[in-house]
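Have a look below at one chain only, the form predicted on its own, in structure tokens format.
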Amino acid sequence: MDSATDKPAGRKVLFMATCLCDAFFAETAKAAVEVLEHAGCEVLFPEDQTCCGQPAFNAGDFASSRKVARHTWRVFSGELPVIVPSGSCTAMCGHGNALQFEGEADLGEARDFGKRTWELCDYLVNGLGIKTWSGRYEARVALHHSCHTRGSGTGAAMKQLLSGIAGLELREFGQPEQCCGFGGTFSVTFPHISGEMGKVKLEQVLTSSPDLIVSADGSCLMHLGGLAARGGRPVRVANVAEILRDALLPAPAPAR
């Protein structure tokens, strides 16, 4: 992964909503924009954006994935930082593209785009230098570090920001580096293995008695939340962007 010093930063940014937000988690994208605006950013949203190409990449269809990736970096062309409310998509734009464009004439363009792409929390802490996040959010939180955020600044940035919120208690649990089992198309190709991996992860998470599970990746949350609901042990899940946004909201008026 690129270090923060390799990446452009500033308070005028391009926002990538991700196809998962478009299909399932619109509130996450909305929350991320509101968080960026609270941090003083001017947020630009290219209308022609679609997907980073990761689904095809994970399926081994590099030809299709490269086609999607080329469209993406053309839509997000320029020099502005690209902010994504997803560690998985961020990793694809950087690490995944560097792999699938080896030997391609436009490898340089792929690398340049990856160097401009930030996950939201990583950008707030390591791009803008925001060290604490104000507000209040009453909850016991189990913080899930997704596989795709390993080697990046996202995990430490999430923990740093959440730790500054009054009323929020981070709960530790066993095997924190364990994969949730989703793995994108892996969960479709190997559903039973994916499900069993998720159950192992969920058991560890639930030992901390959290009010909700928080992560920088909606796909992990969708997987863990679905397994919990089907197993009769429902637990709320939320993207970290939603927690940062909601911590800033006024406290509800007391009941009369």
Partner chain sequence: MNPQPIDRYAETLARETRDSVSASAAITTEKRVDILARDFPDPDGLRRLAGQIKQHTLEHLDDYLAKAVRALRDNGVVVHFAADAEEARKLILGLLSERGVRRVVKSKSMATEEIHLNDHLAAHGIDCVETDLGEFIVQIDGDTPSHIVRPIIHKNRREIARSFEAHGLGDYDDDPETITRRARIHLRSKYMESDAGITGGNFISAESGRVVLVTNEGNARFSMAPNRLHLALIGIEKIVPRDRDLAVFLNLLARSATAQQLTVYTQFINGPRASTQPSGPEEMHVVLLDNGRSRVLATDCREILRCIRCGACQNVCPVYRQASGHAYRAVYGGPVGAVLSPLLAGERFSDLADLPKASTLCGACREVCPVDIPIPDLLLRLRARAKEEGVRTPASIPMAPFATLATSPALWRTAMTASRAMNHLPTAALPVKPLREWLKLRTLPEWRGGEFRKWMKKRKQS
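Note that the structure is predicted; figures quoted are calculated from it, not measured. Numbering follows the first chain given and starts at 1.
What comes next is about the form predicted together with its partner chain, which does not appear here.
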Residues in which of 162-170, 147-155, 129-137, 106-114 have heavy atoms within 4.5 Å of its partner chain in the predicted bound form? 147-155
Using 4.5 Å between non-hydrogen atoms, is residue 185 touching its partner chain in the predicted bound form? yes
Hey, in the predicted bound form, does residue 80 get a heavy atom within 4.5 angstroms of its partner chain? no
Does at least one non-hydrogen atom of residue 209 fall within 4.5 angstroms of its partner chain in the predicted bound form? no
Since only the chain is shown here, I'm wondering whether residue 19 would be in contact with its partner chain in the predicted bound form (any heavy atom pair within 4.5 Å). yes
Which residues in 44-76 have a heavy atom within 4.5 Å of its partner chain in the predicted bound form? 45, 47, 48, 49, 50, 51, 53, 55, 56, 57, 58, 59, 60, 61, 62, 64, 67, 68, 71
